[in-house]
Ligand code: F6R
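Have a look below at one chain only, the form predicted alone, in structure tokens format.
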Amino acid sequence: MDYAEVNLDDVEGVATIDTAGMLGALERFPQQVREAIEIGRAPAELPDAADLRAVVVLGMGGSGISGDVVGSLAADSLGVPMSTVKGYRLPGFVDENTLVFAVSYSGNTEETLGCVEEALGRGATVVAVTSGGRLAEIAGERDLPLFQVPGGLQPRAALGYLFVPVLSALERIGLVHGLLEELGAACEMLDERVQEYGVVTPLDDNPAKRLARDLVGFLPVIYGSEGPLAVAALRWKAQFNENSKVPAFYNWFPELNHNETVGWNHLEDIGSRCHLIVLREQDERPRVARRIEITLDLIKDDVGHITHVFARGSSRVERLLDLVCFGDHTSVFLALALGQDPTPVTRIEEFKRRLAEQS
């Protein structure tokens, strides 16, 4: 297909590519967050904060990033360590004083299920967040707190359903304060963003469409800065992988100044095909702003394009969700510009099939 012939303003033509309706799922994100706030209020027997020494979120891929989102938003107020486990191995510190959130949209993620059994064996309090599957069954068998969310989506399109109940539980326990209020306020902002980035908004007025157009033929590299913007950069990277079906990479300031800044010295032919997207905030720390300025000056001749994307919003929650919304739409529009249905993840499904053959 000649990518230049894909008209992102042709709503009917785009629909013939987006056959599973990923754009529709993005449009429902604000409502998803609102529903998730209510799900987070469901009756659940949660532990006393005084007995907790650590919080762990178990999850992979589109489910696991829920822990990254919550961790970045709660970092300044959470009084105990919090980590996200994306694999088979449970940290050695997990014990009866640890609150473990098992987040699996399908409920059948093998890495998460294995860690759940180990966490229960160590006496940890386990809270399940899932649409069903084996995780829901374990919650029923072991009488675990369960936040059950609607099914039928790709995990990466269910972010609101997955991170909000975790945040809600932490606030109900008293480990964080005020974030749910910020989240509720952010929904009105999200209503505006899905209109601005939506398929019916023409390219000239739609920054997500314009960035997607500029990314055709380039490898996205996303830079954030420590905290929520680093999580946003990870989200963008993963969405380009799964929605657009293209390689993408991410890193964050100041860490990247201690390694990756040097890595742009060679392979000019590859660097020239990279489009660097820098996620920023208007009120970023002066030292971070200076780092970005110096870094981009050093590498500007080694990359094909550089685009700055500034987060909008009056709170940390709003700014993170604004970037999530922008990145999600951009990744889907890039898929459509490439003539690619954004929903199927054929290689992941084939990988799981082959892995199951070895079990």
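Only a predicted model underlies this, so the values are computations on that prediction, with no experimental measurement involved. The first residue of the sequence shown is number 1, and the count goes up from there.
As for the form predicted together with this ligand, it is not shown, yet the points below apply to it.
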| query | finding |
| --- | --- |
| Single option in Asn257, Thr201, Gln154, Gln148 placed near this ligand in the predicted bound form, where near means a heavy atom within 4.5 Å | Gln154 |
| Selected contact from Gly40, Gly313, Gly67, Gly62, since only one has a non-hydrogen atom within 4.5 angstroms of this ligand in the predicted bound form | Gly62 |
| Complete contact of Glu242, Ile348 and Lys352 with this ligand in the predicted bound form (any heavy atom, 4.5 Å) | yes |
| Contact label in the predicted bound form: Phe163 to this ligand, heavy atom within 4.5 Å | no |
| Contact of Thr109 with this ligand in the predicted bound form (heavy atom, 4.5 Å) | yes |
| Interface membership of Trp236, this ligand in the predicted bound form, 4.5 Å heavy atom rule | no |
| Residue contact check: Tyr105 to this ligand in the predicted bound form, 4.5 Å heavy atom | yes |
| Option from 210-218, 140-148, 78-86, 155-163 whose residues, in the predicted bound form, bring a heavy atom within 4.5 Å of this ligand | 155-163 |
